[in-house]
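What follows is one chain in structure tokens, specifically the form predicted on its own.
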């Protein structure tokens, strides 16, 4: 999904204006993010920030480094950073327009513990040393519903194996999505990559009402979306890992499409085609599932 450039928005000018908050070469900081981004004299912390902020100041480094992978316009990243000033929050996205918005948001926030990385998320391991990240957030990643797009999903087992390298021993991956098919797919991929699922939620907005959100999540909720979420940590690595078969997310839709009260973003055309086919089969007196033909169309 690509952000649209608004009228009179000069992308190059915005990127230059907020360049201090956008890092185009994150690989140069691999292994030293916690120290390199720590402000001279320590960060300005709000009253009542707690003992952890003081401990960070004494060590001259951030307590943890967390990554918002596919951060979009950066609202979640900035709000999360505001709440934990002793943690360094890095937002990564390869979309220049998103970086322009995110950099502006970081500049206006006045926070010293948030940086945005203009970088392809599929090259994430180049930007970090082994064991450097305590958490990776995957907030509403593009679902890439077609079978041939499966390897582009950020929760594909091959990606999850890459994350193992840069997570701390107790590090975690957190997913939020409006797509139940992507959520179910991710649970299978986590098992294939040797992760232990710590918790799951099929209504994260109800279960975690105080979590930071973004405008994107608010818009989805206004359209009737429920937010599916989970957190997982790497367990023992698979002895003989091999990539999982590529699957289209259509395989995770319910058999009875009439029970689907919300169509996940990116699957509207697929569901519309399947419903039309079902209606035509009913009209001819032959009920079908629509799966075989649709699997061919979305492969």
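Positions refer to the first chain, counted from 1. Only a predicted model underlies this, so the values are computations on that prediction, with no experimental measurement involved.
Form predicted in complex with a small molecule: not shown, discussed below.
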4.5 Å heavy atom contact, residue 72 to the small molecule in the predicted bound form: yes
Under a 4.5 Å heavy atom criterion, is residue 155 part of the interface with the small molecule in the predicted bound form? no
Proximity of residue 98 to the small molecule in the predicted bound form, heavy atoms at 4.5 Å: yes
Wondering, does residue 142 line up within 4.5 Å of the small molecule in the predicted bound form on heavy atoms? yes
Candidate stretches 196-204, 182-190, 225-233, 116-124 - the one whose heavy atoms come within 4.5 Å of the small molecule in the predicted bound form: 116-124
Taking the small molecule in the predicted bound form as the reference, which of 265, 34, 250, 274 has a non-hydrogen atom within 4.5 Å? 265
So which of 215, 209, 110, 169 gets a non-hydrogen atom within 4.5 Å of the small molecule in the predicted bound form? 215
